[in-house]
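Here you get one chain, nothing else, as structure tokens; it is the form predicted on its own.
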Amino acid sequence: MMRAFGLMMVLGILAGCAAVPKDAGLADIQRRTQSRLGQHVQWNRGTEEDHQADEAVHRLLSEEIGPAQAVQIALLNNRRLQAAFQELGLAQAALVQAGLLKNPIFDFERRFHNDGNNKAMEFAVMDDFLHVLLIPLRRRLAAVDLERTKSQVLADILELSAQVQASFYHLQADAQILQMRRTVLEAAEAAYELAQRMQKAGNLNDLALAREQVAYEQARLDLSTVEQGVIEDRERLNTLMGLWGADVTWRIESRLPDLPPEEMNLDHLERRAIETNVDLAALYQRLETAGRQVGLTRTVSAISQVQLGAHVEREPDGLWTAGPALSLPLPLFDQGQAAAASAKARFVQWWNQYTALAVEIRSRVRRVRDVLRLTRQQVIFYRDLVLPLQQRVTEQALLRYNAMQMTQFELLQTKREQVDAGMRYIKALRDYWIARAELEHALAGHVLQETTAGSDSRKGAEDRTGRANPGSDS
């Protein structure tokens, strides 16, 4: 029995020497991020690699950045993402804890005989026997939870990347629209100044002058609204990229990319999105964990306090005795019924959530696919038909004005209409690139929590004015 006691002590010492690995699955996260996004992530823990990541961020900020550079800055610098990486450390620590033995319990008793001479002593060392038997199962469950945590962190990475890209395209579009709004304001100001001169000369009535003033003041208001939108867009990107202080003076590529000549592969989108979705994989891992727990919960709950150990006793006559010790609860009342029912309900709950998420993924992918197709058609319509027609109208108006067959007010109005068509084209191009980025991320493994493509939830600055959108007369 003393040998058994010694063996338990040795096992306890060896188990106590287990350390928490530092990697915690980071290398796997980096590999999967690189394969899905072509980007690098870094968990900041004060290493030389962290210093190199900081240098990479500042190097990118010193140049004109595009959407890919903005995503890379965010993945290296966003503090919420760094906080998410800590979940890896917690899950890794839980995996180590699952493999550790419980500390044994040491009992000591000292008894005195009524004559005060004879004395008895009793020693016992006990450990949770069931806990030892379930170590392999607990380690498997903790390993599944670590994989689930890795999937969740990867989902956070993909979510951040998609948000950065969408915000970047909003900023690019608003910056282009801002330049056009300035052109509209210049035309409205010229028309108003001309109207003032003509009114003083007696060639324009007060109503016509008032209309030109209204157009001028509205152009100023529209310009201010777009300027506000650009500020909001930049600050949203500053937040996503984790920037503050002198780092917020970054510059962006001034124009949205042109429409690509070939569309991305849209075949079997639903199946591809389901197969790669990391949120769905994380839910499946939860479902797998819940399924494994269902079968054992009732038994474990009913006999959860089985203890096995060694017992040593000194009798009053000085004789020492030793032997094994067993502590076993009697399952008279709690036989694990409630725990088993709870585990089964949790399994059904995760199954329903898994199925619901799969349905949502399919629906969102179909929606973004349709938005992508429609916005591409709109961009082509504006590029190949509306804008050339507007250019021809402006050229003909200029000829008529030079022939004194059109007033300057009419010429300026024609120019405003051309600029408005250009802004509608930019809006359609922006929506196309946002939808394309969202669909690419869906195929990379994550559907945005709040779909941005074709949604009113994150309109650009020009849309917030209620003017210069498709169907508007501005």
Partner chain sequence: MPTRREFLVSGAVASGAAMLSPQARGADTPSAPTAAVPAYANLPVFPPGEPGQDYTPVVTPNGVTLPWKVVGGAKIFHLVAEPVEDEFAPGLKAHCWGYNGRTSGPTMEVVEGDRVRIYVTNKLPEATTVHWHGVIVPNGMDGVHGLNQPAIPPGETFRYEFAFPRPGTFMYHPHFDELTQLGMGLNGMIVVHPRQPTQPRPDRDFVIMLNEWFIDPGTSRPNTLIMTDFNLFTFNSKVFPATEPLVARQGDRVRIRFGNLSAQDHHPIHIHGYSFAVVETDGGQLPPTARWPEATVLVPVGAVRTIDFVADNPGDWAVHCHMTHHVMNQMGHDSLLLMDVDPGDLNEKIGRLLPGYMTTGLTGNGGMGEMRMALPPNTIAMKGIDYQFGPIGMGGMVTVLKVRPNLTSYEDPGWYQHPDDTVARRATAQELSDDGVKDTGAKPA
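Between two forms, the rigid core is defined as the largest C-alpha subset superposing within 1.5 Å. Since this is a predicted model, take the numbers as computed values, not measurements. Numbering follows the first chain given and starts at 1.
Although not depicted, the form predicted in complex with the partner chain is the subject of the following passage.
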property	result
Residue contact check: L207 to the partner chain in the predicted bound form, 4.5 Å heavy atom	no
The partner chain contact in the predicted bound form: R197, any heavy atom under 4.5 Å	yes
Partner contact for T183 in the predicted bound form: the partner chain, 4.5 angstroms, heavy atom	yes
Contact flag, L443 vs the partner chain in the predicted bound form, heavy atom cut 4.5 Å	no
Selected contact from N265, N203, T249, Q353, since only one has a non-hydrogen atom within 4.5 angstroms of the partner chain in the predicted bound form	N203
Listed residue (R362, R400, R346, R234) with a non-hydrogen atom within 4.5 angstroms of the partner chain in the predicted bound form	R400
Candidate stretches 372 to 380, 162 to 170, 188 to 196, 276 to 284, one within 4.5 Å of the partner chain in the predicted bound form by heavy atom	188 to 196
Residues in 388 to 415 close to the partner chain in the predicted bound form, defined by a heavy atom within 4.5 Å, in order	T394, Q396, L398, L399, R400, Y401, N402, A403, M404, Q405, M406, T407, Q408, F409, L411, L412, K415
Is_shifted K200 between the shown form and the other one (CA, 2 Å cut-off, rigid core)	yes
